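Quick setup: one chain, the form predicted on its own, written in structure tokens, and binding and motion questions come after.
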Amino acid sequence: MEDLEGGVDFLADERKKAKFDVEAMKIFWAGSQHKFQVADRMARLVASDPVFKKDDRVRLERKELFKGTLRKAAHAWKRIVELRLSEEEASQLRFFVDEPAYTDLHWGMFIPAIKGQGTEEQQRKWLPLAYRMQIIGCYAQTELGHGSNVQGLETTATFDSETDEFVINSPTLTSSKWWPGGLGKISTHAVVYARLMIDGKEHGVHGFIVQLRSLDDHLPLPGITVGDIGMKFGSGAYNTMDNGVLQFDHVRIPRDQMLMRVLQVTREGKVVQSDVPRQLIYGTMVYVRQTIVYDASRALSKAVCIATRYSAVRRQFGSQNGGRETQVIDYKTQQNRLFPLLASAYAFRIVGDWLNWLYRDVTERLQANDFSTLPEAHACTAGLKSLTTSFTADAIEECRKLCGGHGYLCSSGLPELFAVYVPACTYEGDNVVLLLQVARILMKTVSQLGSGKQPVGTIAYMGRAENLMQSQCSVKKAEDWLNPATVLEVFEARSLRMSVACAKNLSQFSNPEEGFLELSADLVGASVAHCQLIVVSKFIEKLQQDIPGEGVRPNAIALVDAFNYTDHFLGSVLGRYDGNVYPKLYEEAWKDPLNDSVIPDGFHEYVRPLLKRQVRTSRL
């Protein structure tokens, strides 16, 4: 077993190669000393608790898997209450439990929706109940027939002035709410989005707080049909979540359960625009999308950590005179595929932190009726949500391939990570649709370049259009690419030129919308280039301030160690901190239920007759 266990000492040797302070890099990754301490404490708390054990998740049947998730969510809440954890600590604890659960939508969508769209009175009524989990909520927007096109939702909320109620109804099969996490079996309430109808006139899509199940026996209330939509991609993955289907048959709710921070309906049925600007509705959306960008860095870093550690342990070819084979991580082809993903994980974390700052800045401005930065915040969060989630989903699969055949085993942690992560490419906005929204802002900016109005924020580079359109790449040799200013200018010139080319082509169409549809593929490309520029610019800005400028190879293991992920959180034999991969792979294999018996079920019925030639052979 000496060769099999060689990885333990080998990773220790790798860690000695680091040319920077790993502990300092852990703090850098976390964002601050305080955040590092909170995350580290919660990660270790979860890892040391046997209730949060997850290594058998992929072997469980759906009902057993779901019941286990309910148990973990209840235990997490118990620990949060017992330890009197802060909101930040509780959030980190749920993150490190690392299992999609009904609580995700309760904390991540239901509560933010009420905070962002409810009146102060509604917040005083509903938020205390939600924070104490005396009610459990979900976010019911997407329907069987409509997702990205929110204005096309079919569910209706018709005001009945005689009873002072809204009647929530699903008029068609395609109007069934479809996909909300937590809806299928657990949620007692939902923020339901429906078309507001008063006296036969429609007033747009708005949110309504609707009770779905009895708080006494948990049965669906009259007029409500609700259930789970079935198995999803992967083994454990999102099958721990009760994504649901919901139909309403003329369900009545009090008028004051319409979220009325922006638009109000009076007792007489009059629609009144409140003093609060409608743009505040976008605040919730900006918040959710910036968290998705931040989460992309965590998912990507998880996959990269596994692939990097295993690449250092795995040896193939290159042995001379009976010597040791070459570490896979030392092959240039492996480095060319792996190291850009490692850099991207750090870049996404940096841009995620920046988006969090942007969200807080926009929120403060909105409270002061300053909407000047809202369009940029909307464009940045939409575009970066699209870019980072698409890239991360592809990168997780690339990390699986970087781990060779063993990466295909569930015990590698990568198949389940991929299955859990890929929905991010679709929820909270289809990625292509989001990029087309960004393209509209880019096209508007290009059209105003000659007006004297200077672009600001992340589009400020377009104000130097004349220079960037004429600039020539100054790179003469490979080392020139190490100059951050050169890299930044190249990305700026590329983004600007792609946007200008799209704008010129659009101008050839008499009908702008027709042109937008015809050129949508080019517009998506221009948006991707702009979003890549944002990531590069924020990364370079941080690189010059805080990140050591050492080579990647000697620091590779230290860079992934800086993520500070426990073995429990990684859930990967290949990514173990001690590098003791092969004995653990062998051990995991014998845990599979198929190995419970030497002779499998069905052998005597189906295989033995073949071996004994008791099945008559047909003649052709």
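No experiment lies behind these values; they were computed from the predicted model shown. Heads up: residue numbers just count along the shown sequence, starting at 1.
There is another form of this protein, the form predicted in complex with a further copy of the same chain, and it is not shown here; the text below is about that form.
When you look in the predicted bound form, the only residue of W29, F52, F66, Y565 with a non-hydrogen atom within 4.5 Å of a further copy of the same chain is F66. Scanning P512, G204, G230, P222 against a further copy of the same chain in the predicted bound form with a 4.5 Å heavy atom cut-off leaves one residue, G230. Taking the partner from elsewhere, G404 is found to have a heavy atom lying within 4.5 Å of a further copy of the same chain in the predicted bound form.
In the predicted bound form, a further copy of the same chain sits within 4.5 Å of a heavy atom belonging to D217. With a 4.5 Å cutoff on heavy atoms, R400 counts as touching a further copy of the same chain in the predicted bound form. Within 4.5 Å of any heavy atom of a further copy of the same chain in the predicted bound form lies no heavy atom of S344. The stretch from 440-448, 494-502, 360-368, 209-217 that comes within 4.5 Å of a further copy of the same chain in the predicted bound form, counting heavy atoms only, is 209-217. Contact annotation for the candidate site: T333, V422 and E605 all lie close to a further copy of the same chain in the predicted bound form (heavy atom within 4.5 Å). Along 304-341, a non-hydrogen atom within 4.5 Å of a further copy of the same chain in the predicted bound form is carried by R314, R315, Q316, F317, E325, Y331, K332, T333, N336, R337, in order along the sequence.
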